[in-house]
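As structure tokens, one chain now follows by itself in the form predicted alone.
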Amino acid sequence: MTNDTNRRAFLKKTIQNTAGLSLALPILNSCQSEPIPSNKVDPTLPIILSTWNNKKANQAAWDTISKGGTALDGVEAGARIPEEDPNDQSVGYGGRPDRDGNVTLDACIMNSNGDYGAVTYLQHIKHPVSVARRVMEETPHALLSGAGALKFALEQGFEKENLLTSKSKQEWEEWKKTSEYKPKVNIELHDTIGILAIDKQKNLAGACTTSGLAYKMQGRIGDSPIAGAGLFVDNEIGCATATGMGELVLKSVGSFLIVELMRQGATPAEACKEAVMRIVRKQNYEELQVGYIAMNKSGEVGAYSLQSGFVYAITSDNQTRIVEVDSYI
């Protein structure tokens, strides 16, 4: 046998022995995971999961699904609650403006078929999540932005409104005195709302909506309206959504990563933790926050965050609890 033959035999054996290892992804254990019983007919369904203390959003989603709505109907109804709340200054009406004083909104929505709709840099419309759904259902496109998104919304019958409340305007005027741009971790213990649901038919859906970073540069778009970053839904496997510093999530395509880790057998909590650790290993994350929540097809949920202080709301059997999330820091 020649040396070349020996070499080829060795390489073949090595490849066979290591087949699949290149696809393996590290799964980190010992993080929060909260199993929820899942049977063929599960009495606890539907299940609603949302970032931060969004009890009212969860209740709206629960009520919608319990009355015969789909998971998609539920997440839209839930996301609309903080969008119309002027006291929630990181979502919708009352959101903090960009550095030029414009309230600009981003949102996306995904259904159980993998369809996706989104709007970015939308102004003057209180409910961008509903516009995103119309983009998904009424156009051949997946994402509309800026003036085009506004034109479409008006054509669809949405009303043009002033979204800059006096409170947010006063804060912006005060900010302009120094114009110091420094995002705050867990600002007022809320941020972008991401909401996930599984309905009685075990179909999944998700939505994400935000006014983005306060005093951002004009035109800045974060992760919230981007499929795979701020939100991802795969009806065969599960769904995930993000909150916090969008740039960190965009660079790691966090929500898609979480779903793919669950596809490989990770629990939702393990997958969320690994998505955070990707940020820790590869990006500058000090003094910034990212939080992930996820749910698999069986109704098991999990979460993890960069910094402490992140919570999520879970609703099952018409009962809502706020759960504190484990964190890296």
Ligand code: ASP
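The shown structure was predicted, so the numbers you read here are calculated from the model rather than taken from an experiment. Note that residue numbering begins at 1 and tracks the sequence as displayed.
Omitted here: the form predicted in complex with the named molecule. The next part is about that form.
G212 is the sole member of G117, G238, G212, G92 with a non-hydrogen atom within 4.5 Å of the named molecule in the model of the complex.
Contact check for S224: a heavy atom falls within 4.5 Å of the named molecule in the model of the complex. Although the partner is absent here, D199 lies well away from the named molecule in the model of the complex, with no heavy atom inside 4.5 Å. Proximity of M245 to the named molecule in the model of the complex falls within the 4.5 Å heavy atom cutoff. None of the heavy atoms of S130 is located within 4.5 Å of the named molecule in the model of the complex. Residues placing heavy atoms within 4.5 Å of the named molecule in the model of the complex fall in a single listed stretch, namely 245-253, out of 143-151, 71-79, 245-253, 165-173.
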